[in-house]
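Here you'll find one protein chain in two forms, each presented separately as structure tokens under the names structure 1 and structure 2.
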Structure 1
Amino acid sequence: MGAKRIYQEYQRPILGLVSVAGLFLAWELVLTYLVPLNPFFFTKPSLIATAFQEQVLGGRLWHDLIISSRAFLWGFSCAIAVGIPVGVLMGWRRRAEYTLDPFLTALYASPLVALAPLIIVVFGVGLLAKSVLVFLLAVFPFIFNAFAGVRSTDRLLINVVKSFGGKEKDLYFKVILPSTLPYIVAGTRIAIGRGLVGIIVGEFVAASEGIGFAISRFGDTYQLPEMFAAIFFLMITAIVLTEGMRKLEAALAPWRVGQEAR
């Protein structure tokens, strides 16, 4: 009975760990016993684990992560500061939607990653260019999810606030923002992945340090275990950030926890 209760409480991490462990085990067994491993073209988890340990204990990956995180935090913070107000404005004001939607849809559909060389030329090599690239990739999930959240707000709640003499700010902070919060959290999860892509692309194009530069350098020199170790290090960082957003959503919107559990 105790084991069942533990499983029900920690079902998500248990199933996630089992699936990841099964994938790595199959990968290791296939390349060890079934398919001859050519280390020049591919690698296996045991070699990646050794390289990961060396890179982490040596401190190099931590240094690269700190370098990359500065640009990520600047670009991501600006994406939040711009994306959420714009999305809320578009959802609440029909004229703002009609004015901004064509431009934002066109930009979102365009290959912004392809603009990385141009961004590097305009903003130079360094923190600013990478932050701009992160911002451009991460801002759209905030805009469109905030927009969808405002549109899904219960009109009955809005009418109740208005009937009791509520002002515009009361509608925003007491009805619209709480209703939009789950959509913003969902947009944040998407934006985290897109922002990390922006960091990687920016450091691929022009950088001398950072996690993206490390991946590029290891790949160019065919140090595949080290390259995969850096990739997995970045993936672990993304998982930690995403799970942090889940915890934040549970704290800010506890009514969503029961719905997700079903």
Structure 2
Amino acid sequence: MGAKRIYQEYQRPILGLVSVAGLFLAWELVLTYLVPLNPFFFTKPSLIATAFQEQVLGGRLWHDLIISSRAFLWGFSCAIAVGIPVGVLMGWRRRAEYTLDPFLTALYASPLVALAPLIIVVFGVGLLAKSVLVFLLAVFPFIFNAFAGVRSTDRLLINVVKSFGGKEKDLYFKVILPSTLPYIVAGTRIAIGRGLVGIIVGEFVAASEGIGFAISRFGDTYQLPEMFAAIFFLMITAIVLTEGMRKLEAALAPWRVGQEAR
């Protein structure tokens, strides 16, 4: 009875854990007992765990992560600094929307990573090119979500604040900002995903360090456990960032939970 109750209560995490643990266990067992392991072609969890320990605790992957983060943060900060004001402007001034919308929509719909070779030709291998790539990919979610947030502001609420004698400043801080903020946070989550793509592509195409470069180099040298360790390391980072944003979204705007904007 007790065990059954616990199961019912925590069914989701239990089943999730069972399925993940089961997969890794099966992976390990199959390559240990059933199929001979060709280390140039495949690897197994125990080897990955060892590599993870060496690479992460040994500091090599941390170093790569820091290199990658630097470019990510530069590009991301610029995306915020440019994206939010442009989006707010488009939401607030109809002419600005008319002028910029077709151009930005076209860019947003295009695969901007196609510019990667060009950016590297122009800006060279290194921090600057990667930052530009991150910026290009991450700026659009900020623009469009800030825009949608301002647009979604309830006219009624603006009138309510005005009717109580609110000034322009009050409108911004008491109505527009609170109703736009959840949109911007949702945009941040999307931007993180796109920014990560930017970093990885930049480091795949041309780099000498960074986590994308590490994955690529481990691939070139057939160091499969190390490559998987790097992939898992990046995966953990990405999950922490994305899920953190999701939590923040829920905390900032509990009334919007479940309304997905992807």
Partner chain sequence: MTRLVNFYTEREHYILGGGFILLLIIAWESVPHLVALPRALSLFFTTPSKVWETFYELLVRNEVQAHFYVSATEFLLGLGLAILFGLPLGLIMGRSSVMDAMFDPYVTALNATPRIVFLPLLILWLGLGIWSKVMIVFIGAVFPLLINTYEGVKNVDRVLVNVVRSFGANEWQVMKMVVLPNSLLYIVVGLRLAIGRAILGVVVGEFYGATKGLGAMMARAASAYQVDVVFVGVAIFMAVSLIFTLTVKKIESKLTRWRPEAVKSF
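Residue positions are counted from 1 along structure 1's sequence. Between two forms, the rigid core is the largest collection of C-alphas that superpose within 1.5 Å. Values in this document were obtained by computation on a predicted structure and should not be read as measured data.
Inset, instruction - Mark the structure, either 1 or 2, that is the form predicted alone. - result: That would be structure 1.
Legend entry - C-alpha of residue 49 off by 2 Å or more between the two structures on rigid core: It does, since the residue 49 C-alpha is displaced 2 Å or more between the two structures after the core fit.
Inset, instruction - Align on the rigid core first; then say whether the Cα of residue 210 has moved by at least 2 Å between the two structures. - result: No, the C-alpha moves less than 2 Å.
Inset, instruction - Once the core is aligned, please say if the CA of residue 30 is shifted by at least 2 angstroms between the two structures. - result: Yes, shifts by 2 Å or more.
Legend entry - Once the two forms are fitted on their core, CA shift of residue 246 between the two structures in Å: Reported C-alpha shift between the two structures: 4.4 Å at residue 246.
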